[in-house]
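As a starting point, one isolated chain is supplied in structure tokens, in the form predicted alone.
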Amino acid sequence: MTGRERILAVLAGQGADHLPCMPITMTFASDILGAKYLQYVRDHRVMVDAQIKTAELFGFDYVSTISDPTREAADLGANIHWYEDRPPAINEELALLADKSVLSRLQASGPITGRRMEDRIRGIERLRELCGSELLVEGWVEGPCAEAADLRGINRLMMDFSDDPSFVHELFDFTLATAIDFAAAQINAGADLIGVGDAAASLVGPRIYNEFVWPWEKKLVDSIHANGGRVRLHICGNTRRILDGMGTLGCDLVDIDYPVPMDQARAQTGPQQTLAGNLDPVRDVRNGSPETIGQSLAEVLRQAGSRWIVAAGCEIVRDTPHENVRAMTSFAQSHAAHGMIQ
């Protein structure tokens, strides 16, 4: 099987020759190529070369265009801190929507503008061209809650949930529309899977998640499916309190970060949900050894049962020893992926 075939089979609940391996690599991949991270996030050709070289070197089953959370916000006019060799960041003090009234005047930015969103789209086109059907190609969008936090500022948004819920609904409508258009353009460019990064959602409890976040995430998931794509939900952090909701979104793949026990994630998302993760990228992967990584993955597999993909809970840290990353691939390649037991 090719890497692409392997991932798609597991997502569909079918058997595969072995478990897929698809850890998130960003700064790690940039370092593999020998490029500064500013080049990686601003030039899709650098990102593509880094992703392909990393996938080939470590035997991954996919390549990804995830790079940073500021692409949509930058194109909308947000103030961004740029760094030579680490990810760009939102300037929260000068958040684009620090003044809520700006939202009524904010013009949605389409994905084809020659700026950062289009750069990701061009990266997907090139990855599809170079990888063919060998590797799965992953696109990425910011989820409604995460993008709202980028535009409004995370602290202001958390207050808005109680102080001005109607504004939050309006803001989420805006961020949802941006995500839908961006995801559709990436699918048209050749993305097999769209990652939805909604990290800010891990900071809210079940009531706020169910009222404010889940309905907009659900609309995004359904839109991606309607456009012929698949969905990978990635919410960093401790999502124990919102697992039930995450499991009912209909995502093809849900990442489980290390603060969440995998057996709890399996119990709350159900046997039909394909899961990925959930090693601690620092403690287990960077600071571990090939032996301990294999032991940790074996325990996660025991808890996850079927429909699981090898990955860390979040991004592979850039200074992770190469032999530790190879240990993840070795584990995946030595364990069959069984189909669902009916």
Partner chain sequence: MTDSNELYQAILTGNAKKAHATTQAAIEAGVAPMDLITASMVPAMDQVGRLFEEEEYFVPELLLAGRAMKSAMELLRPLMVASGQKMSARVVIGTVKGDLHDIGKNIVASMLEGSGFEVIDLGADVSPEAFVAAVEQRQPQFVCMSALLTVTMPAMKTTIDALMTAGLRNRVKVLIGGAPVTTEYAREIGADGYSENASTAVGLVRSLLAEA
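Positions refer to the first chain, counted from 1. Predicted, not measured: the structure shown is a model, and the values here were computed from it.
Beyond the structure shown, there is the form predicted together with the partner chain, which is absent from this document and is the topic of what follows.
The closest non-hydrogen atom of Asn91 lies within 4.5 Å of the partner chain in the model of the complex. Contact check for Arg302: no non-hydrogen atom falls within 4.5 Å of the partner chain in the model of the complex. Among residues of the shown chain, Arg318 is one whose heavy atoms approach the partner chain to within 4.5 Å in the model of the complex. Although the partner is absent here, Arg240 sits close enough that one of its heavy atoms falls within 4.5 Å of the partner chain in the model of the complex. Note on the partner interface in the model of the complex: the residue among Val204, Ala177, Leu96, Leu106 having a heavy atom within 4.5 angstroms of the partner chain is Val204. With the partner omitted here, the residue from Asn155, Gln272, Thr248, Thr113 that has a non-hydrogen atom within 4.5 angstroms of the partner chain in the model of the complex is Asn155. The stretch that touches the partner chain in the model of the complex, counting heavy atoms within 4.5 Å, is 278-286, out of 278-286, 45-53, 58-66, 303-311. Applying a 4.5 Å heavy atom cutoff to the partner chain in the model of the complex picks out Tyr258 as the lone residue from 247-276.
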